[in-house]
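Take a look at the structure tokens below, where one protein chain is shown in two forms, each on its own, as structure 1 and structure 2.
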Structure 1
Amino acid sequence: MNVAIVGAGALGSLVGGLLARQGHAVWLYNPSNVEHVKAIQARGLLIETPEGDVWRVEVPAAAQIYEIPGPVELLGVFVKVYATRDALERAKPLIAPNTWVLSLQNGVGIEELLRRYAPAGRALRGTTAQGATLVAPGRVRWAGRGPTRLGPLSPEALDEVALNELKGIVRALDAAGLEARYEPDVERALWEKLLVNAAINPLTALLGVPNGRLVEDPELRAILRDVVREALPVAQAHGVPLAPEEAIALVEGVCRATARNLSSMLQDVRRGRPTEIDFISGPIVREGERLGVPTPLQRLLWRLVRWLHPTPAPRPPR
């Protein structure tokens, strides 16, 4: 399979590198981290596995889109969620009528964009619990394994041949080590992950603590639970079938499983980068308004994160 990874940072490089190891023809593209690209060009991509091995993967990398021979069969979009439109615009030359466009990005709100740029029915969306950190240019730490779920945003537009092709992609991602499963209900999967991110990411970013502290400290744990309880009815309206205690168990379980991790939002804050808050708290507050579900805690978290770390997307809370 011909693959291009647009936004080959930590997770994108890991996914691309794992596919390349399986023999797929992968290109990594990263216009904003030229050092990373140069390091991969010079000595390959190094992947530190969760078991402590280091794999060296020969995979071509580019900082300019025109260097990549297109079109590709699979375009993986791994940029920060607020940079999706730019990334898709740049990647246009790689997209042909048979290209699948896959996003495993955090948050909710880019689905229309993906539909617009992908050929009919070929926009794929999903979530992953795989952990990756860029430890040095050209070197990615595979910080932890976890399930990857993906499916089509417009399943009704796919015939059986296309659906089988898509299931082949899921199998390829699974064989590469990503624990990938076909997800027929993408919306439910996205909103379940959104609930987790909306609870953990703003709190850790504002407090400057690793994920585990949110359950180890009794006061923070009580706050975390309140945030989950408040957002849950909005997630339920989008198909998440969890009862309050189950939702709390899910979020606390992620805090424990990733106890020493810094959330992606805290990492963004520490690196002085814009955060993804508009696509995490934003959908919960807006959907809450539409549904008549008050979400004052989420609104406050959104405003505080934005106040501390302005984001480029013009979506301020009201």
Structure 2
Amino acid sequence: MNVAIVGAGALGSLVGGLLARQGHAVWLYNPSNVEHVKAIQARGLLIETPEGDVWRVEVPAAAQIYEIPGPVELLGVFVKVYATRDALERAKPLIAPNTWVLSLQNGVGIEELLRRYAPAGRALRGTTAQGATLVAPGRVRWAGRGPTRLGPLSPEALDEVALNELKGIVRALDAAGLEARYEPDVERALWEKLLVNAAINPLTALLGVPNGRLVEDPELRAILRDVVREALPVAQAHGVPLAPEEAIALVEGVCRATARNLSSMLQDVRRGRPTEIDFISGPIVREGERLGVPTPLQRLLWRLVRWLHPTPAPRPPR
């Protein structure tokens, strides 16, 4: 499979590297981290596995889109969610009528944008519990394993041939080690992951701790549980079929499975970059207002993270 990863930071590099290791023709593209690109060009991509091994993967990398031969069969979008429009605009030369556009990005709110740039019916949206940390230029730590779920944003537009292609992509991701499975109800999957992210990411970003610390410390664990309980009714309104005890177990399970991982939001804060808080806590606050569900903890976390570093997206409602 011919693949381009747009936004090859921590997770994008991991996914692209694992696919390249399976023999797929992969390009990693990152215009904002030239040091990372140059390191991959010089010595390959280094992946630290959860078992402590280090894999060296030969994979081409580019800081300019024109360096990548196109079009591609699969365009993976791994930029920060607020940068999606710009990334897709730059990547247009790589998109052909048979290209699938895949997003495993955090949060919700970019689905219509993906539909607009992808060929008819070929927008894929999904979630992943795989943990990745960029520890140095050209070096990624695979910090935790977990399921990857993806499905089409417009299933009604797919014929049998396209559906088989989609499932082939799922099999390729699964064979690469990403524990991928086809998810026909992708909105429910997105909101379930949003529930997880809205609990873990703001807390780790504000406290400066890896994911596992949230369940290791009794006080932090109590806060984590309160945040989950508050956000759950909003997620339930979007099809998430979890009881409070199940939702807490899910979030705590992700914390344990990715215990060493530094959340993407914490990594952004430490690097002084804008965060994705407007697409994580923001949708829960806005939907809570629409549904009449109070979300004071999410609103507080949203404002505190924004105080750490302003983001380019709209401000939270008053």
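Since this is a predicted model, take the numbers as computed values, not measurements. Structure 1 provides the reference sequence; residues are numbered from 1 along it. Superpose the two forms; the largest set of C-alphas matching within 1.5 Å is the rigid core.
Q: Only one of these is the form predicted alone, so let me know which.
A: Structure 2.
Q: Establish whether a shift of 2 Å or more occurs at the C-alpha of Asn30 between structure 1 and structure 2, with the two forms superposed on the rigid core.
A: Result for Asn30: no, shift under 2 Å.
Q: Ala222: CA shift of at least 2 Å between structure 1 and structure 2 after core fit?
A: It does, since the Ala222 C-alpha is displaced 2 Å or more between structure 1 and structure 2 after the core fit.
Q: Has the Cα of Ala63 moved 2 Å or more between structure 1 and structure 2, judged after a core fit?
A: Result for Ala63: no, shift under 2 Å.
Q: Core-aligned, what does the C-alpha of Asn261 shift between structure 1 and structure 2, expressed in angstrom?
A: A shift of 2.7 Å at the C-alpha.
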